[in-house]
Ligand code: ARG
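Just one chain follows, in the form predicted alone, and it is written as structure tokens.
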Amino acid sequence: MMTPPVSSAAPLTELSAFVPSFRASAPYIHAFRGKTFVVAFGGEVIADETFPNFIADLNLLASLGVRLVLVHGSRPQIEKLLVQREMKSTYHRGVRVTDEHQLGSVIGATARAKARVEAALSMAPRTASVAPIHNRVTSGNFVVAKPIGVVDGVDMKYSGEVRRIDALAINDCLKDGDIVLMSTLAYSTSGDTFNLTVEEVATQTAIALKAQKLIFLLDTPGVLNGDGSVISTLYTREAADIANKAPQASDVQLFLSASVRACQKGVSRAHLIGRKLDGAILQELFTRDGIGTMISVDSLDNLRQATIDDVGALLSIIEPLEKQGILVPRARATFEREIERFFLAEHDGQVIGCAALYPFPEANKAELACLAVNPDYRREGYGERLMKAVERAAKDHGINTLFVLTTRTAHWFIERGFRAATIADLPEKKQALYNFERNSQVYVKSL
């Protein structure tokens, strides 16, 4: 009797989805190797049933060469223990007021939470078919603390803040390939124990280590718009405005404020992602658009729409590229007439870059044009920021596809999610204007 053939449709479908996604993650794997990430999570994450999967994702990051520093909280564990001991919790500005009687409970609950994290990091994956990589976990007195003192007339007692991070000792552990685990307990030079907040320890650690990323896990999927959708990217000025308007002591207010401080002090990126979605940290780090909210620095930079007063500065950036044949020559009158289509990047009050958006609403497409940056400021991310500003403006117009015409910078756009297209993919009005002598390449990106 012949055995009926086994259908391979499902496995093939899974493989066809896996291969492009794995290929797309390769640049991130390469970029993150050897970089330091500080990941902060509260005791809620430790208590959640998805915690083993989260730890497995952290172990995966470590196995890919990411230098991991983990900072855990233990608020729900402390609350539970205090209730059992019939002690009342008191907070001021979202920070626990830790008195002498409660300090023992704080130490005990934090130690148990830390032990659970260490145990989970040491656990081999149940599905491992080969010998699992054993990641060594190191913890210690890396934080020197000091008391917060009196705030608004409230004595915070044994609640403290960071005086100093021993970055040298942490880096020594990271160089040895260890995962560094830190809690919210820290000690003063006089030998006292203080209870710190997870965002304080994580932020100051990330700053001291000059970390590539500071990552917070929170209850929401990220920072949300009024319609409940996740804001994927924020610059520090925007983030600070949202944090100031957020409810006092909420996750968004605390973690977004901490992210702004970290980025302003040298941390490259901060991420706020939801703790309830399985695999959230991998999806945020290894996909182009992520799933949470990423915060990056503004510093002396500013992105804004151009005004008629900016025509001269705009020409100073574009004219050299027109002479080189990189950009299509335009008359000054054209810039004056279309100035509202342009976005400008400023550094310390000086215009150093530009980009323009030309919508074709009848085709639900828009052109990214005249993207240019002063040569003295290239390789510093201004081009990408201008591109993102144009993308956001296109979305605001209801546009779902962006296209560019380029003769020299195709690879730059490909690296940022554009794909090769043809003249036929352009809106009909743009096709009628296409210059065959320039033979510009067409690239498109779905928004």
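In this text, residue numbers run from 1 along the sequence as written. Since this is a predicted model, take the numbers as computed values, not measurements. If you superpose the two forms and keep the largest set of C-alpha atoms that fall within 1.5 Å, you have the rigid core.
There is another form of the same protein, the form predicted together with arginine (ARG); it is not shown, and what comes next is about it.
- Although the partner is absent from this view, residue 233 contacts arginine (ARG) in the model of the complex, with a non-hydrogen atom inside 4.5 angstroms.
- Proximity of residue 160 to arginine (ARG) in the model of the complex falls outside the 4.5 Å heavy atom cutoff.
- In the model of the complex, arginine (ARG) sits within 4.5 Å of a heavy atom belonging to residue 292.
- Taking the partner from elsewhere, residue 285 is found to have a heavy atom lying within 4.5 Å of arginine (ARG) in the model of the complex.
- Each of 32, 213 and 271 comes within 4.5 Å of arginine (ARG) in the model of the complex, counting any heavy atom.
- Here the chain stands alone, but in the model of the complex its contact with arginine (ARG), taken as any heavy atom within 4.5 Å, falls in 263 to 271 among 102 to 110, 323 to 331, 303 to 311, 263 to 271.
- Once you line up the core between the shown form and the other one, the Cα of residue 377 ends up 2 Å or more from where it was.
- Annotation for the pair residue 206/residue 377: C-alpha atoms recede from each other in the model of the complex, by 3 Å or more compared with this form.
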